[in-house]
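A single chain comes next, written as structure tokens; it is the form predicted alone.
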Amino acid sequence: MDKFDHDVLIVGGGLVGATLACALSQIGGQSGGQEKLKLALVEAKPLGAKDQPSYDDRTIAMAFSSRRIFEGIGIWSSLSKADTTAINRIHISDQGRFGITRLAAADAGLEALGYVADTRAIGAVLFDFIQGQKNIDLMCPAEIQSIENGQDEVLWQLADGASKKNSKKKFRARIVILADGGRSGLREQLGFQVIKQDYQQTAIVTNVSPTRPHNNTAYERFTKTGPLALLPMGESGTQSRCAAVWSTAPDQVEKILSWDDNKFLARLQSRFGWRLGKFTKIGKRQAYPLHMSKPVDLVKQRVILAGNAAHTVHPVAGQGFNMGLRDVACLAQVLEDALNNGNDIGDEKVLAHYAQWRKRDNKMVPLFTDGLIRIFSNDFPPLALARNIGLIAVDLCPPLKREFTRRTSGLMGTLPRLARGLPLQENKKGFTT
């Protein structure tokens, strides 16, 4: 009898952890007699709770590569029906200055630059898929009390009260994947060193209804208080809606949240302008502090970091969730290759391959987003002039625009199979596009 209760323990049932469970559930089970991986997914919050990461009120911007990953897993058709809005164009501007860049899906030969979806809708599709997989043991709500990672196995235990049947049992797994967010306590407990940077900004997230149609255009507008993004959403009745992400100083948050709807809309209007006409309605407002974090290592003796536990970046350019899905795609292929080659999925060389594959993306994206914040937060006249000339240059240079578009869409570098929209079972190496 196999001494392992599970091959893989996934800690965290947010969007990345749940997507990872969907992807890994398909590994194995091929004609060679290899059984599918046995998975445990542990999530602390009850499904459907407002503060459960896959069921809160936010919207997510998905890059085109994220669509391909969901296609490879086999759930994009369900997601595309769940209130998903295509981003066909992106409009980038610097408030009060002449610089502007306009990107279009056609510039890069893509069907769309990305998609905007409600996290509740994504979460519902993911967990519907999970509950239909016999090789996923979903433990929710439940918390991890301890994890002991050793040379050949990982021992883990649920916290008291999580389950009368299992609270005292020590489970055995081959590997553990921490996908429990940027404030992962287990990450620190297991000895991962993390570099952190507080942006001294807070994102106020809501949705608004403008009088003009958004025409599937996303807007990124840099203002004196930080970037302001408006993302296209599905219609509410006969009126377009946009998700708004307004970055501001932490000491202004309480005041802004206290404004009545009319005052909030007026202040938002003054920062964004009138390209979408007048803002007439507003949804619930929520605030999220912004920071960057990156662990020194992604793997440590059978423990792997993914999603926000592996990297947290500023939401400018909407890269955070998409980086997490690229973690999923790379890790799934690395584990699939190891299994097909008869290797231990927790072997040091196997996990080092994942860490190496993600190294460039995990370095370049934070540099890119952090650089945008620093450059556009500086009002030094020569720098302001240079950045606006840069925006115009990108707008007027098709090859530069095409490369910028494909890079922000997650389509550069060595792509794993899922990121090409292909299923994991066809075991071939990634290629460079």
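Residue indices: 1-based, along the sequence shown. Only a predicted model underlies this, so the values are computations on that prediction, with no experimental measurement involved.
Only in words, not in the display: the form predicted together with a small molecule, which the text now covers.
Peer 1: If you check in the predicted bound form, do Ile100, Thr217 and Pro232 all have a non-hydrogen atom within 4.5 Å of the small molecule?
Peer 2: Not a single residue of the candidate spot has a heavy atom within 4.5 Å of the small molecule in the predicted bound form.
Peer 1: Identify, from the list Phe129, Tyr288, Trp76, Trp259, the residue with a heavy atom within 4.5 Å of the small molecule in the predicted bound form.
Peer 2: Looking at Phe129, Tyr288, Trp76, Trp259 one by one, just Tyr288 meets the 4.5 Å heavy-atom criterion.
Peer 1: Find the only residue in Ser293, Gln319, Thr248, Thr84 having a heavy atom within 4.5 Å of the small molecule in the predicted bound form.
Peer 2: Of Ser293, Gln319, Thr248, Thr84, the residue with a heavy atom within 4.5 Å of the small molecule in the predicted bound form is Gln319.
Peer 1: Taking the shortest heavy atom distance, is Gly410 within 4.5 Å of the small molecule in the predicted bound form?
Peer 2: Output for Gly410 is no: heavy atoms all beyond 4.5 Å of the small molecule.
Peer 1: Taking the shortest heavy atom distance, is Gly181 within 4.5 Å of the small molecule in the predicted bound form?
Peer 2: Yes - in the predicted bound form, heavy atoms of Gly181 and the small molecule come within 4.5 Å of each other.
Peer 1: Consider Ala173 of the chain shown here, and say whether it contacts the small molecule in the predicted bound form, taking contact as heavy atoms within 4.5 Å.
Peer 2: Ala173: no contact with the small molecule in the predicted bound form.
Peer 1: Indicate whether Val365 is a 4.5 Å heavy atom neighbour of the small molecule in the predicted bound form.
Peer 2: Val365: no contact with the small molecule in the predicted bound form.
Peer 1: Only one of 402-410, 382-390, 365-373, 38-46 has heavy atoms within 4.5 Å of the small molecule in the predicted bound form; I'd like to know which.
Peer 2: It is 38-46 that comes within 4.5 Å of the partner.
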